[in-house]
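Given as structure tokens, the chain that follows is alone and in the form predicted on its own.
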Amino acid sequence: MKPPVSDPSFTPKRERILDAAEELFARHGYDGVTLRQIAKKADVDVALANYHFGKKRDLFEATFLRRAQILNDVRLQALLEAEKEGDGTPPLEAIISAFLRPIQALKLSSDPGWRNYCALVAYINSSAVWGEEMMHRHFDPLVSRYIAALKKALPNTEPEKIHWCYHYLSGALTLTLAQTGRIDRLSEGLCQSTDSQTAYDLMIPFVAAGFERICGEP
């Protein structure tokens, strides 16, 4: 007999399944993980994982969705605050900061799952299989609001240049979220991919300068 969905005793197990899936998908990708491995890591029977989420594809999307709305809400609030700063047209660097700082804050929060989630977003965003579908559906509506704000801040440039610059911003963010450790080796330990504070402190003015150079704004 299946347990009732409303039974609160099953909520912790459901969250454990999502936590395990988040970590394993972030580390090994979609194809490198099985439902059985996720269930083992969550210390539940694989049948319970099937009961709550069905197929692996459905669990993958549920894992991605769990924190997506939280991130979107925090980013939207940051953009609204930036727009107040500029009477509806916030400074360029304020827009970029509003886009990046919420991720930094969440990664540094008391919930260690955000680090796995950020790595999962990096994996999906750089995937030709998953990126177009899942990023478009769950993140692009808010990204479009940010691009509209960028167009207001840079009114004298061609829209395609703004989109290319956002593309470069997204790429830099993706590599930073992935924390591959490559910068650690290239710098011989001078830089650490886990150093979120320095990463975002430098990325914001770096990206702003790129927008200004490409878009021809002072």
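Each residue number is its position in the shown sequence, starting from 1. This structure is a prediction, so every number in the text was calculated from the model and none was measured.
Just so you know, the form predicted in complex with the DNA exists too; it's not on screen, but the next bit is about it.
The partner is absent here, but in the model of the complex a heavy atom of L35, alone among A42, L169, A68, L35, sits within 4.5 Å of the DNA. The listed set L48, C191, A62, L175 contains one residue whose heavy atoms approach the DNA in the model of the complex to within 4.5 Å, identified as L48. For the three marked residues, K13, H52 and K55, a heavy atom of each sits within 4.5 Å of the DNA in the model of the complex. Stretch-level contact analysis of 147-155, 181-189, 27-35, 160-168 against the DNA in the model of the complex, using heavy atoms and a 4.5 Å limit, identifies 27-35.
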